[in-house]
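Okay, so here's just one chain, in structure tokens, the form predicted on its own.
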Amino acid sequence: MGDLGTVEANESVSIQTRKVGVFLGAEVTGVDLTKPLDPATVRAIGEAHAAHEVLVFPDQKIGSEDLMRFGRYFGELTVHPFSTNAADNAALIVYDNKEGNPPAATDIWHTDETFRECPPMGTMLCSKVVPALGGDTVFASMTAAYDGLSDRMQHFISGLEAVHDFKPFKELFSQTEEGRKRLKRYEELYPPVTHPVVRVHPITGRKAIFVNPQFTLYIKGMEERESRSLLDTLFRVTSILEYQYRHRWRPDMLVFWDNRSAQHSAVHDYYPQRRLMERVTIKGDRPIGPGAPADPAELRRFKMPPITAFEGRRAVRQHERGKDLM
């Protein structure tokens, strides 16, 4: 890996990478994404993606089919259940934000779709129309954030699990009978899932903090006050400037980031200027932690046993009698 500002060339392929951030981010040149890529080039890009966490491809005047073809080199394209997409292609997300159509709540630090059992491994975002001022995307390296924790904190959070949910998208459902029915259907399709607080990258083996304020609800098995205090501490590591790379968009740029090791936040400072982007997400695997999950007995101390410990002996409550209230 080259030093900041230097160019690194792969001997067997034509691509070159130049670091644009200290802990994450590299610009990739020497490749034309309007054309099919050979296996060696795809492999080199995949290795750079895992190493740098965020790849920037400037001056790529590509169409939607080019974007989807490039994405498929790295896995199956997925359909975001709550995003705006092309009418004839559900896997192609289209963000056309302008006056009358403001951006969604993506200005919160997050990793894409961690409410899924298998969140996307990567996301590709391509700029078509960018505002004259504003509209940057900020990335934070969660591997650098983990490395920056004290040894005691690293040891403490390793083995913890957190529950994730699609909570921000629930506001999209109307408070009508039909809206509540549709929401219930999606809650059945995407029930809360559990992921390790510390995730091990399947390629690099590096550890990363894998909780985010958009989708993470609580630490599994931990008392609410302790859970909230710990999550707030972990959420705030993205504000450490050294771990960030701020990307300033120009037209015809493609950015390919690693959801397994980086978080991002879209800056909403450009409305009502127009910002037109196309995006695809690539299917990932189930996050794996560095070891066995923590023993629940180590996470919470009860003043008295919970009532759930006495099933069959405790008093029956009204909701358990099978009778609806009138």
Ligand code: SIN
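When you see a residue number, it is the position in the sequence shown, counting from 1. Please read these numbers as outputs of a predicted model, since none were measured by experiment.
What comes next is about the form predicted in complex with the named molecule, which does not appear here.
Interface segment, criterion being heavy atoms within 4.5 Å of the named molecule in the model of the complex, picked from 258-266, 29-37, 61-69, 43-51
Residues of 258-266 come within 4.5 Å of the partner.
- Full three-residue contact with the named molecule in the model of the complex, heavy atom 4.5 Å, for Thr114, Lys167 and Arg199: Spot residues vs the named molecule: no contact at all.
Worksheet item: Of Leu125, Val193, Met121, Leu230, which residue is found within 4.5 angstroms of the named molecule in the model of the complex when only non-hydrogen atoms are counted?
Response: Spelling it out, the residue with a heavy atom inside the cut-off is Leu125.
Under a 4.5 angstroms heavy atom criterion, identify the one residue in Ser158, Thr106, Thr78, Gln244 near the named molecule in the model of the complex. Comparing distances to the named molecule in the model of the complex, the residue within 4.5 Å is Thr106.
Does the named molecule come within 4.5 Å of any heavy atom of Thr137 in the model of the complex?
Answer yes; at least one heavy atom of Thr137 falls within 4.5 Å of the named molecule in the model of the complex.
Item checked: Proximity of Tyr95 to the named molecule in the model of the complex, heavy atoms at 4.5 Å -> Within the cut-off, so yes.
Please run the contact check for Lys220 against the named molecule in the model of the complex: heavy atoms, 4.5 angstroms, yes or no?
-> Heavy-atom contact with the named molecule at 4.5 Å: absent for Lys220.
**Close approach of His110 to the named molecule in the model of the complex, 4.5 Å, heavy atom** = Answer yes; at least one heavy atom of His110 falls within 4.5 Å of the named molecule in the model of the complex.
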